[in-house]
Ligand SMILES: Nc1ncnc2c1ncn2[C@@H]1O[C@H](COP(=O)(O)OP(=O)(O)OP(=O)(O)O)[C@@H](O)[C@H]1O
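Heads up, the chain below is alone and in the form predicted alone; it's given as structure tokens.
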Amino acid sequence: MLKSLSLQNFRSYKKADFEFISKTTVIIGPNTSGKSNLIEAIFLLASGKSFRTDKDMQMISFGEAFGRVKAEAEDNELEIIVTNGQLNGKTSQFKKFLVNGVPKRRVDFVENFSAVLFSPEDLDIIVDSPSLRRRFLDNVLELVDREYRISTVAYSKALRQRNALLENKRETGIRNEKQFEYWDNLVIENGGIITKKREEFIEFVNNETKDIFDFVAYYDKSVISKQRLLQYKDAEVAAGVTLVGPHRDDFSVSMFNNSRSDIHDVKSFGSRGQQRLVILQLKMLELLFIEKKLGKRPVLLLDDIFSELDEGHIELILEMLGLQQTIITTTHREFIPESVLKKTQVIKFTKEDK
């Protein structure tokens, strides 16, 4: 449970405090009133990163040196400070993580609070670019697996260094084999861990009962090994980037026909409604996977998705309420049935609330 949240110089919030006194909280307000900024802050506490930007400084209010997100969860007091590189006149880290006032690394901070986000962008996971599907896999696995978190950080660093070597080889014609060997070993070792963990999650998805929409997921893994790096050696120099590895992974989803005698790719042959049912089912499975791994149900964040869904899909989501703490944002009160609103905490935003 998330009990309280304090924001300082975070996005549109100069200073704001929130208390969550019900298992379900509905936040109602117009666009640009700060609803998604609030959800971003909660997701930041769970994952250690934003779901809206790769640049931490964009989370700091304009003209300020730092932004702070602080929360009281069920067992701990959590705090993240994002700085622009200068704090109290001193050079500072861009992001600091604290648990009960004790500094932590991100890989250790993340395990203290878990949340699953469902936003309008997630509705395009199936039909949009592979990067969205890779991000989905990362968001799930980083919440529950410390080894995965460590491996993704190490892999990203090694990949950047290896790409720099490839670019240098393309420009100068000089190849330092010892340097390549060092970074090759790192991308192979950590890439193998990432692939294995993603494979296990896809297997979980396929083995679990699906109450909303039945489908089969296929993991299109880009295996990284010495043999494959050697195979693509010349092509990588020409491209200036590493052409194999989990940064090239993808997965697809296929649905059954009425007789279950054949399957069809949902991206190519599914209706928009069927594609959205797949996403709803994936989110249900994400919640279940995290619960099984951590032994507790994560907080569910529903960020303004009701305006994107029809009545039938909204009903499916409302059935999930009560199973975990849920924080919902919406632009219109009428999207939420009165029977639900009577049992929830309602917070109303206006554009002046910040």
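Each residue number is its position in the shown sequence, starting from 1. Please read these numbers as outputs of a predicted model, since none were measured by experiment.
One more form of this protein, predicted in complex with the ligand, exists but is not displayed; see below.
Only one of 56-64, 319-327, 42-50, 291-299 lies within 4.5 Å of the ligand in the predicted complex by heavy atoms, and it is 56-64.
Although the partner is absent here, residue 304 lies within 4.5 Å of the ligand in the predicted complex, judged by heavy atoms. Using a 4.5 angstroms limit between non-hydrogen atoms, residue 22 is distant from the ligand in the predicted complex. Contact check for residue 70: every heavy atom lies farther than 4.5 Å from the ligand in the predicted complex. Proximity of residue 12 to the ligand in the predicted complex falls within the 4.5 Å heavy atom cutoff. Residues from 17-49 that approach the ligand in the predicted complex with a non-hydrogen atom closer than or equal to 4.5 Å are 30, 31, 32, 33, 34, 35, 36, 37, in the order they occur in the chain.
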